[in-house]
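Below you will find one chain, with nothing else, as structure tokens; this is the form predicted on its own, and questions on how it binds or moves follow later.
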């Protein structure tokens, strides 16, 4: 037996060190600093350790809890619309574009994907102008097809504003699930589809019985990416409705609530410690959701044991 010690592979350390340093400086350190800030408060401009008091106030004190639970509920609805509208449409578009009889596939892929590269600010202001009852083109377009009676100032009504912005977000990002599912469909071996044709499984029946079970892992990844992205959302709401997320906070989500709390807005003074508590709560929600997916869903998706 050889007594030679295993050689340390220094080249791995050398290549990983820059990435680890950058990631730690811009991700790990800010995360732990946020957690630290959430455990303190300021009294007469003196920072004092408060333990979990900020979280108690955030969850149970009506001064903070009402706004927090309203923002969380809005965030959940924002996510649900994306799951029920964006992802199914993305899957449908991918299934259509993957059909060999469809022509100009590259053109259609580009058309659906281009909105995803647009700035949130551009999308927010553009749709705000389009839906405006004063100078927007939406009333005229509905009038042209005889549906003007259906028009309403959707961004100005509490019951419609959040849903409207969620659908705008769906319009912008439907290209992402479409492209991911399209790529997953292309990886399905032709032999499997040919075997299904021999058994008489063709057309949409082949999609439901063969293709869909094989792309479930990709759908799972899209779902968790949608969850993380929606619970980190901020830009579109801020661009379209401002930091107050009107009307009457009906479009307020955790991102806008965090912004107003941390930095302050108009007559509201900024409170970094309560803002850090909100950010920590957002991190906890996302962490729980990701863990549920990784340990409770991903294994089943891989084994198709539903």
Partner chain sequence: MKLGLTGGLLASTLLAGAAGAQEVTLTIESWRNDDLQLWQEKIIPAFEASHPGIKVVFAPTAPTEYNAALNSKLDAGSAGDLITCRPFDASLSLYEAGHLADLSDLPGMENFSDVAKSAWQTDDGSATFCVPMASVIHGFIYNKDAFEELGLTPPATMDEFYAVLDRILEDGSYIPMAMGTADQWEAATMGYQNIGPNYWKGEEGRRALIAGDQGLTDEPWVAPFRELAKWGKYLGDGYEAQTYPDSQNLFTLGRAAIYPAGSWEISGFNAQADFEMGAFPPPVPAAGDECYISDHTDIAIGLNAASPNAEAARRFLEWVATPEFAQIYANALPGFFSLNSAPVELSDPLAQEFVSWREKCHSTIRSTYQILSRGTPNLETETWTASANVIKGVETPEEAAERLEQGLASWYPPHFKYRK
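Numbering follows the first chain given and starts at 1. Model, not experiment: these values are computed from the prediction.
The next section is about a form of this same protein that is not shown, the form predicted together with its partner chain.
Every residue in the set 45, 248 and 263 has a non-hydrogen atom no more than 4.5 Å from its partner chain in the model of the complex.
Looking at 148-156, 174-182, 85-93, 207-215, the stretch with residues near its partner chain in the model of the complex, meaning non-hydrogen atoms within 4.5 angstroms, turns out to be 148-156. Shown alone here, residue 115 lies farther than 4.5 Å from its partner chain in the model of the complex, counting heavy atoms only. Residue contact check for residue 37: none of its heavy atoms lie within 4.5 Å of its partner chain in the model of the complex. When contacts are judged by a 4.5 Å heavy atom cut-off, residue 55 does not count as touching its partner chain in the model of the complex. In the model of the complex, its partner chain lies within 4.5 Å of some heavy atom of residue 134.
With the partner omitted here, the residue from 281, 50, 258, 244 that has a non-hydrogen atom within 4.5 angstroms of its partner chain in the model of the complex is 244. Residues from 267-283 that approach its partner chain in the model of the complex with a non-hydrogen atom closer than or equal to 4.5 Å are 267, 268, 269, in the order they occur in the chain.
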